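A lone chain, given as structure tokens: the form predicted on its own.
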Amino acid sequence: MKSTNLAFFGLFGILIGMLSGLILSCAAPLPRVALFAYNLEDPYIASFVSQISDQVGNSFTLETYDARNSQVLQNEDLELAVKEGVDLLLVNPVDRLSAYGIIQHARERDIPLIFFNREPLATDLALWDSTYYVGAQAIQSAVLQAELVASLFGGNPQSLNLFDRNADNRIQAILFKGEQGHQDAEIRTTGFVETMTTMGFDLEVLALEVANWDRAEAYDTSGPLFANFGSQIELVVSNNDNMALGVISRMRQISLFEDTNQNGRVDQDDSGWIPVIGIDGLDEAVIQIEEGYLYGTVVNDSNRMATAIAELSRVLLGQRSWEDFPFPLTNEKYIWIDYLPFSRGLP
């Protein structure tokens, strides 16, 4: 009898194991989500995509496509992903005007869509209810840059401090624009100038260079500017940290930064120090701020955006409810994440 019971329970265990395996094999696969980055050679975007992947965890399968700054390639990848069947699209478009066609294509297949980092036109976002945008408002970054500069120059536009090196009560600056015609680049550039003017500061733009968000291009284009304007330059303003770091490399090469007090880092009162300010909050930029080469940056909080994208994805995939969604939704389309100023002495 005992051996019979053992045999029975052994057989029962085998059947339970087989049944469990069958149930697991029949379980629904994880949703498939396709992410399209405009260019993974952009360090901010590369970090951003990595943060999205971290935030997603095991909620769904994330497949990443790199357009390498080609809208044609991104369109081909989108077409392939949609044809193969995905449950959600996350799109950082190469050209924001391409959003119209992307939305129409997604709507035909009933695939919800989240844009990020490059904001489509409001009229395009309105084409379909299942289309959203997660990002930051570019004008805020321009205002915060201007406020950092105003603070550095003493806060009183009628009486600038020692950083007005020629004591003419004007701030002579060179500006680096990310990309001609790019929405954020245009707003960051004009917004900075207009905010400085609104605050009462006399800003003289010695030169405005387009460096396409690229460090090497900023390095190359800044050389002739320092040769031409030399000691006239009192400020360098960049649309992003990557270009700012390129300019700093050039400045270091021509010995504009000197540790004159021999304390192991560059200080604002060291001879030849010129303030450089960026946007994004790259890890390398934070290090350069601590070392004194970069005056400050405006943090484009990609980690919080990545959290918002992951949480919104779970809602759109039916994994959580709108009632549990932790971010405010503006006009049923937008999730805005605030920029944050950062410089030595600020938290």
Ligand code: GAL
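Note that residue numbering follows the sequence shown and begins at 1. In this text the structure is predicted, and so the values were computed from the model without any measurement.
The form predicted in complex with the ligand is left out here; the points below concern that form.
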The ligand isn't shown here, but in the model of the complex which of 45, 35, 56, 316 has a heavy atom within 4.5 Å of it?
45
So which stretch, 106-114, 146-154, 179-187, 220-228, is the one near the ligand in the model of the complex (non-hydrogen atoms, 4.5 Å)?
179-187
How about residue 118 - does it come within 4.5 Å of the ligand in the model of the complex, if we only consider non-hydrogen atoms?
yes
Residue 213, heavy atom within 4.5 angstroms of the ligand in the model of the complex:
yes
Is residue 300 close to the ligand in the model of the complex, meaning a heavy atom pair under 4.5 Å apart or at it?
yes
Suppose contact means any heavy atom within 4.5 Å; which members of 256-295 contact the ligand in the model of the complex?
280
